[in-house]
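Next comes just one chain, in structure tokens: the form predicted on its own.
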């Protein structure tokens, strides 16, 4: 199956999922003024930006990010705004190393958020991964817990930034060195970052580490979320991992990252980014995630040996109603199916030949 077609198919399935939960489609221009990305470049990480000059002299950019555009155009206040998107962004591809047009799908929930909104977003992230593969893991962190424990470590100025870098790299030796360099107490921080596993197991491990009021409040938030996720069909796929970090400048709450078996890096990332809205002068809270569909190319190579489960072959004289009935029967049986006059170029598990009987 063509890679682009496979990505579009998954994107449409994701959009259908998001729509079932009341998220509305959001469409935007390919361009934004470059100043938007320059002002909030920390939110983008190390993303390189493609720029060009418009006919009126304005410096424009092919959008490298969806969230900034949605937040910029959001009308602050009022009811919660829940949108989903299927959009191309323009970034350096992690696969090719050159600039590419990359397809993403995701959701943003903006407004006066509560526990249910956070739960629903994280649940949808897990459901999105499950649409792609049953073999997935969703790692969840809470920057409130992590930053509170860092604060208790009492490192000198610059400690948190250096420590976050080591944490994100899962570099325990490097983290010890950072603690030593900045005069920070390392025991609690190392224990927190090394805790990994099922929510129930990890929560019991880290509760004694959360002593300050700030740490206790963040721990309680995380525990409440995990309690809800424990009752879902994806409970066995969810882990707590405090090495999942992002720019502390904009994130200070729940963060999560999704992994699929067969892909060497995260295919989904998201979290709560109230700080970004606050910096833009908005009072709302916000949470969302994106699925990076370009990273599924390697998954397509390794896992998609067939284009469809069943190939229905028919000839010039085959009644159209017979073709339609057979396709309908196969679909209702849970199979993917393609009706063709020839089997050339189609990968399949089984053929149903309407002219000559079933061939396995």
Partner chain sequence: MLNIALPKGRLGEKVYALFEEAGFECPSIKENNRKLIFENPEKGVRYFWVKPSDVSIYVERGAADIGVCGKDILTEYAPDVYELFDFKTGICRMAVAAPKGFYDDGQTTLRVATKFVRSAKAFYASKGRDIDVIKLNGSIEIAPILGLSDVIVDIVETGTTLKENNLEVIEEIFPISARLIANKASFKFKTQAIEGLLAKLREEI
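All values reported here derive from a predicted model rather than from experimental measurement. Numbering follows the first chain given and starts at 1.
The next section is about a form of this same protein that is not shown, the form predicted in complex with the partner chain.
The candidate spot formed by 117, 200 and 231 is out of contact with the partner chain in the predicted bound form: none of the three has a heavy atom within 4.5 Å.
Taking a 4.5 Å heavy atom cutoff to the partner chain in the predicted bound form, the contact residue among 88, 212, 278, 194 is 194. For the residues 208, 78, 98, 264, the 4.5 Å heavy atom test against the partner chain in the predicted bound form is passed only by 264. Among residues of the shown chain, residue 169 is one whose heavy atoms approach the partner chain to within 4.5 Å in the predicted bound form. Among heavy atoms of residue 243, some come within 4.5 Å of the partner chain in the predicted bound form. Contact annotation for residue 239: at least one heavy atom lies within 4.5 Å of the partner chain in the predicted bound form. Of the heavy atoms in residue 185, none are within 4.5 Å of the partner chain in the predicted bound form. Heavy atoms within 4.5 Å of the partner chain in the predicted bound form map, among the stretches 170 to 178, 67 to 75, 223 to 231, 107 to 115, onto 170 to 178 alone. Scanning 119 to 153 for heavy atoms within 4.5 Å of the partner chain in the predicted bound form gives 135, 136, 137, 139 in sequence order.
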